[in-house]
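So this first bit is one chain, no partners, the form predicted alone, shown in structure tokens.
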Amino acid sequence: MNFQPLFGKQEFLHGADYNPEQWLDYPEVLEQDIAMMKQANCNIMSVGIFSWAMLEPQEGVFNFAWLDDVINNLYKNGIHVFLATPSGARPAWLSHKYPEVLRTSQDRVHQLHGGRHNHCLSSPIYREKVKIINSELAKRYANHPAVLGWHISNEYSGSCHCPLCQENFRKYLKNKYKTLDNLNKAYWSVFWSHTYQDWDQIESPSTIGENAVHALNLDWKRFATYMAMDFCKSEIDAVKPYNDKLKFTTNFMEFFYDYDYFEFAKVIDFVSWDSYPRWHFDKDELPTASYTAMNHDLMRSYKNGQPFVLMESTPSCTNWRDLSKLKKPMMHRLSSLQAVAHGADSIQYFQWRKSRGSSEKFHGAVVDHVGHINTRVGHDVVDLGKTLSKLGEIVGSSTKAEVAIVFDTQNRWAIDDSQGPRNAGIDYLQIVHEQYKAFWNRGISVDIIDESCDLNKYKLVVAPATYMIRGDFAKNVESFVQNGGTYVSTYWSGIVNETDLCFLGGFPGPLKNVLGIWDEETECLADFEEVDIKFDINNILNIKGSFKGRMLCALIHANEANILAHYESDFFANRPCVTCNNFGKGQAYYIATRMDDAFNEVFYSKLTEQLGIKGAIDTTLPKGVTCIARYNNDNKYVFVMNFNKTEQNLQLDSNYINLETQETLSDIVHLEPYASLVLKKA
């Protein structure tokens, strides 16, 4: 599949969040900014993100003159803009005059003015004030040639527990369940005598009230997603009539906990996200590199493979972690090209120029307090701008993934609320990452999907710890395997339905038939405990040797499934641990414990070999070196990335052209520490 460039031009976007309202008293700074943007090959700036107090200094009094000058000057110099709606942080006059627009916390404390996203999404007054400022912006700029698209708000997050939100929550539940009887049965609210007799008795979960009904907790999180989506749609509705050709986004965050982004992505035209990896925090970069790659793959997957916009990244450091590490030489280029490799058609930064004061005055930026870009970071940004200017033919290209890994946000919420068998350390996200690493190490492209996504375009679907089975997922799995797909499931799967009610008739619930097993009970291991697992002789994957399991051990019976490996220790020694069930034309594997990385490497290596799934380059990759491919028509582009602190050599499988130098490469390529190459297959 090929995609048209998001904004009609066959070139990468390169730019930053730009906050000129902070520098209106320094006109020379604004002139210097544009000159430096051109020097850095920047062609896009996100403006207006937190500008409400400058745009509307008093209620109903608007000041657009400064923004006129900024946008006009940027455009005159070949720089376009993403124009933001400013709802992420309201002016003080609004909070002071209308305190009801501020949020109420889950312990029912009304908040004061300050921070960001401290507003009630149900508030009619807040919605009206946002509609007014958004409409005024759209009237003035929606048809300005500088504006490429709308940046709706900024990093939506959190929820409000005020009476208005309680009322809307009850409406949401009425629409979903229709009757109180249906809701009480779905919630199993007879437990602890928590049955509701009236809709008005339902309150959102609270530390000072109800928090033990897991279905209520789940529905509140779903409602929070619904409210954020609804608010975002209301913002879009305010600006869209003035130019319905402009595209819309709001910037997402990594594996964000507050909302279900697979749902949220439905209301925007393209995905953008803010990436801040923890480079140089560990003894090597591999955990951070693979985790960041998985984040990029997730963002690409929200829109069925459509390229995304990297809306924020730092060219140097953050300021909000416990440690604010600088990027080492070559890491800015490497981390930026990693985003491109996995589907980004832009590289943008927070922010262009460091704020002089307040909470982000030490956050990394292109322009430091020194005021110029004759700095190490400035040179890195200039050099990357030159590189991106040579890669335009890649814009709009796609990634071909034959493997999907299921990461389901709603399942994550349910696992965290399950209260047993282990209430600490399960970390569903980390479980997913453990599977992902085995593919990343081989340069195999992966889509990250949830339980609502189509499975049929993949050869292999890996679904670890699918504790909650919702919607038609179980039916879709059966159909996928029946028609020849390969499915991998693990311990702690098929336990509850979408309202957190345990499946009756044995686990893994509706996956029992396709997996061919019965999960009788689950043992929880302490952190110091491990169990031994040994593969049987002549197992179908020809895996030899022993491995270690930890944390959770499902004690299973192999009904129809073939046994590949057994437990070798503890009271459940000799029970099956790894199974494979032939189902229709396909196969379904089950892994009964949390295996170590050594197992995942061997297991997925054998499985992908059996299925004919190959990496971007058909070669053995050195540890810490990965290759990811994008495709455009008949062209294949391979990104070679060395995440090691040491030099590495890579054996190529064909002739390639270095897109930056036009040099033809073959045989062995020498890679410096943190080196990255963009190759086109000759």
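Don't overthink the numbering: it's just position in the shown sequence, from 1. Note that the structure is predicted; figures quoted are calculated from it, not measured.
Another form, the form predicted together with a further copy of the same chain, is not on view; read the next lines as being about it.
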### Message
Just to be sure I understand the contacts: of Asp570, Glu254, Glu478, Asp258, which is the one whose heavy atoms reach within 4.5 angstroms of a further copy of the same chain in the predicted complex?
### Response
Asp570
### Query
So which of Ala84, Val496, Met595, Ala341 gets a non-hydrogen atom within 4.5 Å of a further copy of the same chain in the predicted complex?
Val496
### Task
Would you mind picking out the stretch of 34 to 42, 627 to 635, 50 to 58, 614 to 622 that comes within 4.5 angstroms of a further copy of the same chain in the predicted complex, counting non-hydrogen atoms?
50 to 58
### Message
Can you tell me if Asp500 lies within 4.5 angstroms of a further copy of the same chain in the predicted complex, counting non-hydrogen atoms only?
### Response
yes
### Task
Could you confirm whether Pro145 comes within 4.5 Å of a further copy of the same chain in the predicted complex, counting heavy atoms only?
no
### Task
Look up in the predicted complex whether Thr195 has a non-hydrogen atom within 4.5 angstroms of a further copy of the same chain, and give yes or no.
yes
### Task
Spell out, yes or no, whether the shortest heavy atom distance between Arg90 and a further copy of the same chain in the predicted complex is within 4.5 Å.
yes
### Query
Taking a further copy of the same chain in the predicted complex, which residues along 303 to 331 bring a heavy atom to within 4.5 Å of it?
Asn319, Trp320, Arg321, Asp322, Leu323, Ser324, Lys325, Leu326, Lys328, Pro329
